[in-house]
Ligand SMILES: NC(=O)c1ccc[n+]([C@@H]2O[C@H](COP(=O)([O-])OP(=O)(O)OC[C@H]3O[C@@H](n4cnc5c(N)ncnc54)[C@H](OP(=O)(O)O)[C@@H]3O)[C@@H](O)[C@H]2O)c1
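Just one chain is shown here, as structure tokens, and it is the form predicted on its own.
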């Protein structure tokens, strides 16, 4: 293996060409060496625009390249597990976009492929490596806000484009899969525990059949998490963690800007007007660069995969419980 992990990218998805690839090109331990598309002209154009050495007109051709160590998979949700499995079978480590699969059964099948091949695989929840999230978890564990009792999340944006894959049910579209998974992951990350049951309500778009508004409650052993996510509301993001003696608020929790500082606040609640709020600022960083380096180091034997497939399974189990609850009108258990 070379001094840097050599990466290939499956597809020319917007998140890949606009965010992840430019960020990973700044990595110390990773380099993007190839990109593929089913349309050769698209991979050629992306290769030229991004300065990537090799481009392929099929995903299989990239997987056959013996000079690629790892694959980043930003394909639509329904292609996450099938192509990640093929990458593992081709001898490539895999970092796959979230949500990892369409079901817990799919996630388990990818875990089996990982174990059989002996390679590394993980889910691309980039927030797991961002300093603001690591600091928020550190504050919770320190007891500074007392016992964590609740996590409240809002995440929304507006998208009614019928051509967008997020609005196609067969492709794993809908707000719960696309952004609700962040609320589930973030709550689990802060509690440091797993939810035992869930209650949820999904409002479906009458034209697309995907959930355009979802609200849910997750019950943890020590408290509760609640979230609202929507693909048809004003863009908004905020995470609040409330303890018995204080609270933490993360300003831009998920789409943290790569070119500006991030902020969170810790407040003991003694002044409801905000006078007791203490601000913490984090230096400019790109969470996709951090994620790429962390995964690459894990492959090189330096640390663990930031979000392993076991973690992905638990997030997907919570998603399934929320969907069942919306249909049944009852609390639903979350099976790991």
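The shown structure was predicted, so the numbers you read here are calculated from the model rather than taken from an experiment. Residue numbers count along the first chain shown, from 1.
Beyond what is shown, the protein has a form predicted together with the ligand; the following relates to that form.
Colleague: With the ligand left out here, work out from 63-71, 32-40, 274-282, 301-309 which stretch has heavy atoms within 4.5 Å of it in the predicted bound form.
Modeller: The contacting stretch here is 32-40.
Colleague: Could you spot which one of 165, 113, 266, 202 gets a heavy atom to within 4.5 Å of the ligand in the predicted bound form?
Modeller: When the ligand is considered in the predicted bound form, the option within 4.5 Å is 165.
Colleague: Ok, 230, 77, 132, 187: which has a heavy atom sitting within 4.5 Å of the ligand in the predicted bound form?
Modeller: For this set of options, the contacting one is 77.
Colleague: All three of 192, 195 and 320 touching the ligand in the predicted bound form at 4.5 Å, heavy atom to heavy atom?
Modeller: Spot residues vs the ligand: no contact at all.
Colleague: Though only this chain appears here, would residue 126 touch the ligand in the predicted bound form if you measure heavy atom gaps against 4.5 Å?
Modeller: Residue-level check for residue 126: yes, a contact with the ligand.
Colleague: Does residue 171 make contact with the ligand in the predicted bound form, using a 4.5 Å heavy atom cut-off?
Modeller: Yes, residue 171 lies within 4.5 Å of the ligand in the predicted bound form.
Colleague: Does any heavy atom of residue 211 come within 4.5 Å of a heavy atom of the ligand in the predicted bound form?
Modeller: So residue 211 does not count as contacting the ligand.
Colleague: Just to confirm, residue 247 within 4.5 Å of the ligand in the predicted bound form by heavy atoms?
Modeller: Flag for residue 247 set to no.
Colleague: Residue by residue through 91-128, which ones have a non-hydrogen atom no more than 4.5 angstroms from the ligand in the predicted bound form?
Modeller: The stretch touches the partner through 97, 98, 99, 124, 126.
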